[in-house]
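Here we start with a single chain on its own, the form predicted alone, put down as structure tokens.
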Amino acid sequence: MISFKKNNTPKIVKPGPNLEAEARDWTKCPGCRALLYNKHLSENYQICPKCNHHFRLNSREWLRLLSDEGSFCPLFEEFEAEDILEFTDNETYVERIKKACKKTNANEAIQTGTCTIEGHKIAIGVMNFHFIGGSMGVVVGEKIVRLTTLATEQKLPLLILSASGGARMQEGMFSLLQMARTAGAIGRFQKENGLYLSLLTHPTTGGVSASYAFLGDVIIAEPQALIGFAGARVIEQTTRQKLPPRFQTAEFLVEHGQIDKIVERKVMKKVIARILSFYQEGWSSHGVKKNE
């Protein structure tokens, strides 16, 4: 006869430093739910190799990806947001700003400056969604206006990368005014034959999409990026109509002629460099000196 011995109660392994460290080495893809090794994810430009989901990059990561090594020169870093309205909901606006600064190691939702992209000098602004949802307040608007003015004066191409939930509600009407200010500055820049490249990433919505994001001479988007003004649910509730599939995605917009091209992150730098090369060759052929 075969006898069975009752097993002891299984041991419960408590999470320790090693297990916690190993857990931090992996990320679950929100698109396909696959478990991805962070090192491999980083080597693949923060793109899921299984479903092509593009993980969100912060402004520093984008600058490393797009600019030539060591070429980025920051501008207007001294500007910081103020609590103009003394706004408070479940916490004060001042506290929100402090938390965002600590979380992102930045003092605003956009980094601005100049850099070179494969040797082509350019004025660049890169938004950071991790800073209060990439919201546009007075400082964001001011930095874009000043960057655009500098690009006009120095005859530099302008690139703005958008990643935003829209205008910053804690600054009320002052934030909405930035839509007109940024649009006006870019309009003046384009009247001087300046080239404005607009790069739309996930998400580009609200007041940002309704102002400078869609004013580009060339508008590029990342795959699967959410791009639009109001949310899909708000539109459906307002119009009482069912929206078409993939509505407000980059793929839907390029099919309907609202953006020019969808570009994979891996080749984004090369595509932008090629556009800049065509632009500078055009200026040179018309007797205009190339940017130095």
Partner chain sequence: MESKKMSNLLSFEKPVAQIQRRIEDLEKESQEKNIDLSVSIEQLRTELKLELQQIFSQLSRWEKVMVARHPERPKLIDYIKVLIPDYLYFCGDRLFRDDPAIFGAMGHINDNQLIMVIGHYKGKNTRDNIQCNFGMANPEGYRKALRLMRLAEKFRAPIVTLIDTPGAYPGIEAEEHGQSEAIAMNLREMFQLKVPILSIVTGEGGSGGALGIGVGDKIMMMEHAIYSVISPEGCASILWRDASKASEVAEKLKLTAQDIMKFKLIDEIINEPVGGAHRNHREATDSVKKCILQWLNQSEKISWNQDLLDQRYEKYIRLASFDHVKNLMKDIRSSEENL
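Positions refer to the first chain, counted from 1. Only a predicted model underlies this, so the values are computations on that prediction, with no experimental measurement involved.
Same protein, other form: the form predicted in complex with the partner chain, not shown, and the subject of what follows.
Taking the partner from the other structure, the partner chain in the predicted bound form has no heavy atom within 4.5 Å of any heavy atom of A106. Using a 4.5 Å cutoff between non-hydrogen atoms, K121 does not count as a contact of the partner chain in the predicted bound form. The partner chain is not shown here, but in the predicted bound form it comes within 4.5 Å of a heavy atom of A230. Among heavy atoms of S59, none comes within 4.5 Å of the partner chain in the predicted bound form. Only one of R246, H256, K39, K266 lies close to the partner chain in the predicted bound form, with a heavy atom inside 4.5 Å, and it is H256. When you look in the predicted bound form, the only residue of V218, V145, C101, C115 with a non-hydrogen atom within 4.5 Å of the partner chain is V145. Comparing 155-163, 68-76, 125-133, 89-97 against the partner chain in the predicted bound form, the single stretch with non-hydrogen atoms within 4.5 angstroms of it is 89-97. Proximity of Q224, A273 and Q280 to the partner chain in the predicted bound form is absent: no residue of the three has a non-hydrogen atom within 4.5 angstroms.
For the stretch 167-196, the set of residues having any non-hydrogen atom within 4.5 angstroms of the partner chain in the predicted bound form comprises A167, M169, G172, M173, F174, S175, L176, L177, Q178, M179, A180, R181, A183, G184, A185, G187, R188, Q190, K191, in sequence order.
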